[in-house]
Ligand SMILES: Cc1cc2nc3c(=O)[nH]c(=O)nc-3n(C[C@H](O)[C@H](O)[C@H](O)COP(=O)(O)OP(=O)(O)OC[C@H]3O[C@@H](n4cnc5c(N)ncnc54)[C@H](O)[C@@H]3O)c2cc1C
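Only one chain comes next, encoded as structure tokens, the form predicted on its own.
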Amino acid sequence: MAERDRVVIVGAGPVGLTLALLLGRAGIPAVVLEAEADIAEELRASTFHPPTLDMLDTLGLAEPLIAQGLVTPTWQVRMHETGERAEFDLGVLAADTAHPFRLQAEQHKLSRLLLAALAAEPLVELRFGHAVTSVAQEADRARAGGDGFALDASYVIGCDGARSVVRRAMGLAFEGDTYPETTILATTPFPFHEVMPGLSNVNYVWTESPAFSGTFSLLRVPGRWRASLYPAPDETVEQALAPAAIERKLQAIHPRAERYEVQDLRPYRIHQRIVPTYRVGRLLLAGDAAHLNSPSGGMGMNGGIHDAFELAATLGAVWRGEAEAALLDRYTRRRRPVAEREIIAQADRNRARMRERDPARRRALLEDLRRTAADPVKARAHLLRSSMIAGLREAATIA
């Protein structure tokens, strides 16, 4: 076998590792290059949607992942001061998925399961501590290199996130916008579910509290809650990150005599961006390297994993001798519209809804959501979209 008869994957996040496992099990040699010495353990994505669990089940990973997370059959939008809420029950999707729930689990738990599975794959090689700094291609090969190494391959796949080296080598614009607000992610072991009646594991919350700019969210993972907080209108980001400001915001969620224990604190900006194509010659993209979106709705990591499954199926057909160019171009045609319409646009709508400040408009939005949740037909249609099932079904029809 020629040295270039393999795939090089840049990035060992959940998307890159999923792609590597799929390729290895399809009989396609792959090398994963990761700049860090190990997978990232900090709290990033934490929501797995039903179709993602269905996909992971084909790899034997859904059950062990579920065992490490929180099965979450409902999610809600709520008014903080009154406790009024619209709650969506994913049980209405029982005929559409084997996993009619969200799973709340930190993404590094999936990465660890993938690493363990990859240890049994002789065709996949993992190289941590290998930062890729250059990517190039010719008519019949691609190359990824860094300090002291250079690898030829049939294809180089960029799963290397928002600052993708592979994307830059492809010469692609990363078109879109950056939202003006900064989100502050704070995690605490305090059991909000024990003191806030009717709380789900996933909650998007409107509030009138002056400690916030109108909204916050609470998402539960095993042993802790992650709160997405926002600076108050009169606060700078630096002021909002001060311990006293974080304490004030958490006390506004639930007043208590004791101070809150904050385990992690991280500010971040939110982008909505997408490349014009996922493929240029022998270089391809998946996950955040190709598209970024608001985390509202928890679709970013899931969409990247869906990219990996589509791309692995595409490369499998190419390896079997089917028409290369047509199949690789189909990958863009199937995945880019889903990212643009079903992930980026839907996440943008979710964000805009929660940024609404007008009380009358909030009331109208809440009542509309409650009517939708109470109608089984409307609820199913809404959940097919928000759970990413509808987009996958539409993409599968694209020739």
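Just count from 1 along the sequence shown to find any residue number. Only a predicted model underlies this, so the values are computations on that prediction, with no experimental measurement involved.
The protein also exists as the form predicted in complex with this ligand; that form is not presented, and the subsequent description refers to it.
Just one listed stretch, out of 314 to 322, 282 to 290, 116 to 124, 73 to 81, contacts this ligand in the model of the complex at the 4.5 Å heavy atom level, and that stretch is 282 to 290. This chain appears without its partner; in the model of the complex, the one residue of 355, 44, 370, 330 with a heavy atom within 4.5 Å of this ligand is 44. Comment: this ligand is not present in this chain, but in the model of the complex one of 31, 35, 59, 365 has a heavy atom within 4.5 Å of it, namely 35. Residue 12 belongs to the set of residues with a heavy atom inside 4.5 Å of this ligand in the model of the complex. This ligand in the model of the complex is approached by residue 185, whose closest heavy atom lies within 4.5 angstroms of it. Proximity of residue 295 to this ligand in the model of the complex falls within the 4.5 Å heavy atom cutoff. Shown alone here, residue 130 lies within 4.5 Å of this ligand in the model of the complex, counting heavy atoms only. For the partner-free chain shown, 266, 268 of 261 to 276 come within 4.5 angstroms of this ligand in the model of the complex, judged by any non-hydrogen atom.
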